[in-house]
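Have a look below at one chain only, the form predicted on its own, in structure tokens format.
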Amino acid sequence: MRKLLLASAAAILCATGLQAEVKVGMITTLSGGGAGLGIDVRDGFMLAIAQSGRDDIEVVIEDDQRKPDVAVQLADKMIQAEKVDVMTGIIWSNLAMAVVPSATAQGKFYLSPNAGPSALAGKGCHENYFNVAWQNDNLHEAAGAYANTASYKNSFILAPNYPAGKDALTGYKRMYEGGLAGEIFTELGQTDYAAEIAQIRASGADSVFFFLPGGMGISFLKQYADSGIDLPVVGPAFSFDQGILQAVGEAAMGVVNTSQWNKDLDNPTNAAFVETFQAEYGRLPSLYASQGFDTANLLISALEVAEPGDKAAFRTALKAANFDSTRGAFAFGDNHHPVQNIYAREVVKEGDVFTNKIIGVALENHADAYAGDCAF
């Protein structure tokens, strides 16, 4: 397979002198501790654009450095100077809250391939905002549901102190039926968890739930494994996804985590995606890569029907979600967030590679808890 040019259609259009009909502004994290997440979203998105064969889509890609002020500056540049039609790419919920409301208020469409803060799902929803991944609470709700089936009665729970972290613990508690041995909000970007692990040890917990995406999860899991504490751990996919597992290693083996996607989901689109992504980039795709791929294919499906300039028609085409998702069946709820299965996965080792396998459905056809508060 030929190698993709990340400039994609932009390079082709420049060389031919043609003008792109649709310009997409992607702001994502490409440097620092969270770079792997943004790189996977970007690569999945660009793979779908390349496979579509369309030469009328230009993608402008910028690195937000995981800084809200940088994200805001980039969004202003894309809207005012680049004149983008559609925006996408943001990984982190605090950056999404800094960018999305302003972008949609200026008439831009925003397709989220990751961050799904509760504030944008309920009263703060907008008709031009579509989340292609999940609402933040969802995977944590599934973890709480799994904890019930595993008969956990006294969980110790922790997450970073930012919007997605707060949604995480809210989601877990919404479904979890047991008691809490402790509840902690850690610092965003924290790498030393000695104090938190000491509290877990002294808490009398029978299980641990945590949401610590990216490098935070790697640090916690390694330190937790070294601590000798022998309590089962459950969490969302964000700390057990493909790009992270190799860094965590043996410390993650056997841990159950929750996700709306996995590489072994049995549908033709997913099988082809896993094969072509690995051939193109030399690595297995992650949850984030699948979300970037689905986001681009949603966009492409809508462009088959209408242009972003015809806002009502384009919005209707996005809501129809007439594309083949890596997840199989895909549909939006009334607040433009997915209604979907969320699976329990177990960390396993295939040869020398740490990965996940699906062990069951944690929540079936699950919608978020905030849709009833959304009124476009």
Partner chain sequence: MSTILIIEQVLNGLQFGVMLFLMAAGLTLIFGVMGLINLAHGSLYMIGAFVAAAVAGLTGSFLLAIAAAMAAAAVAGVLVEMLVIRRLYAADHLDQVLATFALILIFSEGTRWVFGSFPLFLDIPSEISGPVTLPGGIEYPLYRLVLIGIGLAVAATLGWLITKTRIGIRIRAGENDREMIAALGVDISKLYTAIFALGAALAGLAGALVGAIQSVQVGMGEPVLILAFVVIVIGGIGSIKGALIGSILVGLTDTLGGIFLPELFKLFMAPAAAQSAGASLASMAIYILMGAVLIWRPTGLFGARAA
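Positions refer to the first chain, counted from 1. Under this definition, the rigid core comprises the largest set of C-alpha atoms superposing within 1.5 Å between the forms. Computed from a prediction, not measured in an experiment: that's the story for all the values here.
Quick note: we don't show the form predicted together with the partner chain, though the next part is all about it.
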property: Proximity to the partner chain in the predicted complex, single hit among G178, G243, P232, G122 (heavy atom within 4.5 Å); result: G243
property: Interface residue in the predicted complex among Q278, N267, T191, S151, criterion: non-hydrogen atom within 4.5 angstroms of the partner chain; result: T191
property: Exercise: A321 in contact with the partner chain in the predicted complex, heavy atom 4.5 Å; result: no
property: Contact of G228 with the partner chain in the predicted complex (heavy atom, 4.5 Å); result: yes
property: Contact label in the predicted complex: I300 to the partner chain, heavy atom within 4.5 Å; result: no
property: Interface membership of S219, the partner chain in the predicted complex, 4.5 Å heavy atom rule; result: yes
property: Whether D40, K166 and F185 all lie within 4.5 angstroms of the partner chain in the predicted complex by heavy atom; result: yes
property: Stretch in contact in the predicted complex with the partner chain, which is absent here, among 247-255, 142-150, 290-298, 127-135 (heavy atoms within 4.5 Å); result: 247-255
property: Sequence-ordered list of residues in 72-103 near the partner chain in the predicted complex, where near means a heavy atom within 4.5 Å; result: none
property: C-alpha of A195 off by 2 Å or more between the shown form and the other one on rigid core; result: yes
property: Core-superposed C-alpha of G171 shifting 2 Å or more between the shown form and the other one; result: no
property: Core-aligned C-alpha movement of P160 between the shown form and the other one reaching 2 Å; result: yes
